[in-house]
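Below sits a lone chain in structure tokens, taken as the form predicted on its own.
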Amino acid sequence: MLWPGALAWVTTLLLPVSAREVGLLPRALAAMALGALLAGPLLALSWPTLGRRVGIWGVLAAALGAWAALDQGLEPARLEPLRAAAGSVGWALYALGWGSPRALGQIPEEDPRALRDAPLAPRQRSGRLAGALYALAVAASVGWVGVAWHVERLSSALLAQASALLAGVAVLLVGPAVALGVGRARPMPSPGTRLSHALPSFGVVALLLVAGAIWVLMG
């Protein structure tokens, strides 16, 4: 996680904020992104959930804030193709680095004590509505990227692409769960449980609103 994260941070954050005309806010946010990038894997050793939140969402929030505060520093005309490509590869490898393979025994078929027999039939099959919802989620995730290409302001194009990619990934994560849950009766969780599940989404929305307000004030 650290090596590709360092590559992504240097190419897409350190170099843009090193310009003389860049203010204090983008540099502070870039430093926060670096701190979260280094702290995430260390926290994950003892607190996996907290480490993932800091290493993924903390880095992403700080990086988006820094890019938004840069304003004209990330115009496509000023981006070097080689540096942009290296940054894209670094971010992709950093995301893959947070994944982990299943250990032996976590999959029932790989457990040494598993009893081999005919596969169990599913309790119910997904209907046409579930397939339609899943197809709609895939189309919506691609649609976000298409909308981002219609941003005409050069200084906002890169931020729009990053936001569209984040929205597309979120739709792909939520879409299958909604499609598979159609028609299944589940007990309603308590209000406190629903609120705790919604807090990460509220936090992302709040960060985006703050980034938008900063963008408007500095624009």
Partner chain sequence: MPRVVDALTVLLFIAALAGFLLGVLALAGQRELEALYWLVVGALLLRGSVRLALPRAP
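Numbering follows the first chain given and starts at 1. Nothing here was measured: the structure is a model prediction, and the numbers come from that model. In this text, rigid core is short for the largest set of C-alphas that superpose within 1.5 Å between two forms.
Below, we turn to the form predicted together with its partner chain, even though it does not appear here.
**Student:** Given that its partner chain is not shown alongside this chain, does Leu24 nevertheless sit within 4.5 Å of it in the predicted bound form, heavy atom to heavy atom?
**Tutor:** Leu24 lies outside the contact set for its partner chain.
**Student:** Answer yes if any heavy atom of Leu70 is within 4.5 Å of a heavy atom of its partner chain in the predicted bound form; otherwise answer no.
**Tutor:** Because no heavy atom of Leu70 falls inside 4.5 Å of its partner chain in the predicted bound form, the answer is no.
**Student:** Are any of the heavy atoms in Leu50 no more than 4.5 Å from a heavy atom of its partner chain in the predicted bound form?
**Tutor:** Close contact is absent here: in the predicted bound form, Leu50 is far from its partner chain, nothing within 4.5 Å, heavy atoms only.
**Student:** May I ask you to check whether Leu159 falls inside a 4.5 Å heavy atom distance of its partner chain in the predicted bound form?
**Tutor:** Yes, contact at 4.5 Å.
**Student:** Among Leu34, Ala164, Ala28, Leu64, which has any heavy atom within 4.5 Å of its partner chain in the predicted bound form?
**Tutor:** Filtering the options by heavy-atom distance leaves Ala164.
**Student:** Scan Val89, Leu82, Leu96, Val147 and let me know which has any heavy atom within 4.5 Å of its partner chain in the predicted bound form.
**Tutor:** For this set of options, the contacting one is Val147.
**Student:** Do any residues of 131 to 151 have a non-hydrogen atom within 4.5 angstroms of its partner chain in the predicted bound form? If so, which ones, in sequence order?
**Tutor:** Contacting residues: Leu133, Leu136, Ala137, Ala140, Trp144, Val147, Ala148, Val151.
**Student:** Once you overlay the rigid core, does the Cα of Val174 travel 2 Å or further between this form and the one not shown?
**Tutor:** After core superposition, the C-alpha of Val174 moves 2 Å or more between this form and the one not shown.
**Student:** Comparing between this form and the one not shown on the rigid core: C-alpha of Leu15 shifted by 2 Å or more?
**Tutor:** No, shifts by less than 2 Å.
**Student:** If you line up the core, does Gly143 shift 2 angstroms or more at its C-alpha between this form and the one not shown?
**Tutor:** Passes the 2 Å threshold, so yes.
**Student:** Can you tell whether Trp149 sits closer to or farther from Ala86 in the predicted bound form than it does here, judged by CA atoms, where the change is 3 Å or more?
**Tutor:** Residues converge in the predicted bound form, at least 3 Å closer.
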